[in-house]
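Given as structure tokens, the chain that follows is alone and in the form predicted alone.
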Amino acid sequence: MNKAKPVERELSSKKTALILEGAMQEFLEHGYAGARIDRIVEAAGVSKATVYRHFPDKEALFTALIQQMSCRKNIFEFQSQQSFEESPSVFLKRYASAMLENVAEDPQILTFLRIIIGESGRFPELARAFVVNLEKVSLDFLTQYLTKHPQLQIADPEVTARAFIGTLIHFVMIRDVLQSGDLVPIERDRLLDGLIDLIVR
């Protein structure tokens, strides 16, 4: 019986992956409100009972996908054991560049952001899942970084972290989500260099 447990866990993991893949396809094509469990079941090639055994409802599926994207793409969090060994200017530039590249260059993430924004009025739990799993993690990490780095003397690290992350999110929102970067254009490197200079100067 004990020998079967790893096999069972492997099968469960494979089914979970199939379900999430089917759910991703469904949410991207139909949005959150329009998504149907029956189509997810069909796309995943599993039974409805299997889907509900892993995920009790659409919210659980959507939240799991947000968590999966966070782990796979490392969207907002860019923690590094070596972060205190390099200058704040270098680290913050790497941090910001990684965030912008990971988000802006992945159509699935951008579509998910649009879904979350569009559905947040009717389904606020989706927006809360995004904040808890992605933005809060990043904010907490960056606040700690700005607090503890020996080369930085910042009066209010949390406010500074919020301003830093908020600027990056605004840039993505305008340029990639709302597709209006041409209306208020600014070069990415100019924005990042100026933002970092405000912090480390």
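So that there is no doubt, residue numbering starts at 1 and follows the sequence shown. Because the structure is a prediction, the values reported are computed rather than measured.
Not on display, but discussed next: the form predicted together with a further copy of the same chain.
S.K.: Looking at a further copy of the same chain in the predicted complex, is some heavy atom of each of 117, 120 and 185 within 4.5 Å of it?
M.R.: So, yes: the whole triplet contacts a further copy of the same chain.
S.K.: Please check if residue 63 has a heavy atom lying within 4.5 Å of any heavy atom of a further copy of the same chain in the predicted complex.
M.R.: Result no; residue 63 lies far from a further copy of the same chain in the predicted complex.
S.K.: Residue-level contact is defined here as any heavy atom of the residue lying within 4.5 Å of a further copy of the same chain in the predicted complex; does residue 167 satisfy this criterion?
M.R.: Residue-level check for residue 167: yes, a contact with a further copy of the same chain.
S.K.: Can you tell me whether residue 150 touches a further copy of the same chain? I mean in the predicted complex, with a 4.5 angstroms heavy atom cut-off.
M.R.: Outside the cut-off, so no.
S.K.: Check whether residue 130 has any heavy atom within 4.5 Å of a heavy atom of a further copy of the same chain in the predicted complex, and answer yes or no.
M.R.: Because a heavy atom of residue 130 falls inside 4.5 Å of a further copy of the same chain in the predicted complex, the answer is yes.
S.K.: May I ask you to list the residues of 186 to 201 that have any heavy atom within 4.5 angstroms of a further copy of the same chain in the predicted complex, in sequence order?
M.R.: In sequence order, 186, 190, 191, 194, 195, 198, 199, 201 come within 4.5 Å of the partner.
S.K.: Is the CA-CA spacing of residue 58 and residue 136 tighter or wider in the predicted complex than here, given a 3 Å or more change?
M.R.: Farther is correct, given that in the predicted complex the C-alpha spacing of residue 58 to residue 136 is increased by at least 3 Å.
S.K.: Work out whether the Cα atoms of residue 29 and residue 177 come closer together or move farther apart in the predicted complex than they are in this form, the change being 3 angstroms or more.
M.R.: Relative to the displayed form, residue 29 and residue 177 draw closer in the predicted complex - a change of at least 3 Å between their C-alphas.
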